[in-house]
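Presented below, as structure tokens, is a lone chain in the form predicted on its own.
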């Protein structure tokens, strides 16, 4: 890319199974206020924030035009405000476009989701399907993921034991992340004995119901030094959507992820993804997705996810040092949380889980049934 855009600040709430005591507006205010305090950014129309991008979902928020309730809390009164209703990492792509186009110097991004408010997360994701054919069948993100998981396991040789290792590794990383929801250590035996919720997906293969919020400040290269002395640069971003109807797509082909990664890598000048990233944050709502998405991202060869797990690749590649989605982030902002962890790591502010000398990171987001829509973000500290 030509001009550069920096992430100058990031804030996130802790993630909890039921943040009952906080309304959406308070969650947002809790992370916007520290960004203002740390960076000194203002809402002056000439030199400050003139445009805000929010991430939310009408169904999870139980209201239409869900961003309308966030306007005052994020400083959008009498200013531009746009809403992203998909994986929150796409708000970064939207903000990137706003700055690179010359329309804005500064973009504030604020995403939130309270999954605990819905009677059933699966009931919510059922609404993503075609209302005439698929929705009446009772399809949701989990039972479609189970179809994909079985197909992927048959193709790649990934077993129940491999998935247990994925979950155990996630929990070990999450134990060092004070923002993670599920931080309790698990053994492989505990994972293998957890109940089957939708064969071959077990209860501990699923990300836990989670509430929380994430905010970021994006600034053009010329002004980044006004707000931080540790900017993290966006060097590549791309996304791609696969077919809407399940019968029209190859469940294990990773089509949209490969296309998104290819374009993001080209923009960032990444030639060998398996060797160039110091850490990788993948949006793994279910345990099988960790190796499957790593294959699509080019971190290991096609059908080599099981070999990556057996060879300790999750540790050597520093996959999901935050704990990933399996440690608990809300569906709507899972990718935004992955990007937040990448920024924190590249700023050297990750505490006990810090990857020493981290300079280049990959953050990934996905939404839709069976990885219908994927987004890939490349970040650099230099």
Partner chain sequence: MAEYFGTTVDDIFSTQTERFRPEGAEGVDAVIAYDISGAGGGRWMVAIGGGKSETKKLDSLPAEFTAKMITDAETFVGMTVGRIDGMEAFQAGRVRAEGDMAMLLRLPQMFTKYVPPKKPITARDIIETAVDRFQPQYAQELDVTVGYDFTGKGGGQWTAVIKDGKCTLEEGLRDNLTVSNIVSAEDYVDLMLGKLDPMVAFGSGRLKLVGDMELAMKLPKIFAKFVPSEEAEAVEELIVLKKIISVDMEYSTGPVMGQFFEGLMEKKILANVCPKCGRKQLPPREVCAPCRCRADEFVEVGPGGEITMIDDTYYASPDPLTGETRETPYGSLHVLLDGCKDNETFWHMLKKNDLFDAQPGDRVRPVWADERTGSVNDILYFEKVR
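Residue numbers count along the first chain shown, from 1. These numbers were taken from a predicted model, which means no experiment stands behind them.
Below: the form predicted in complex with its partner chain, not depicted.
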- Note on the structure: Of 103, 266, 223, 77, the only residue with a heavy atom within 4.5 Å of its partner chain in the predicted complex is 77
- Task: Report the stretch among 128-136, 258-266, 305-313, 192-200 that approaches its partner chain in the predicted complex to within 4.5 Å, counting heavy atoms only.
- Result: 128-136
- Query: Would residue 359 count as touching its partner chain in the predicted complex under a 4.5 Å heavy atom rule?
  - Reply: no
- Message: Even though the partner isn't displayed, in the predicted complex is residue 145 close enough to its partner chain, meaning a heavy atom within 4.5 Å?
- Response: no
- Look up in the predicted complex whether residue 369 has a non-hydrogen atom within 4.5 angstroms of its partner chain, and give yes or no. no
- Task: Examine residue 117 and determine whether its closest non-hydrogen atom to its partner chain in the predicted complex is within 4.5 angstroms.
- Result: yes
- Query: Counting only heavy atoms, which residues in 29-50 are within 4.5 Å of its partner chain in the predicted complex?
  - Reply: 29, 30, 33, 43
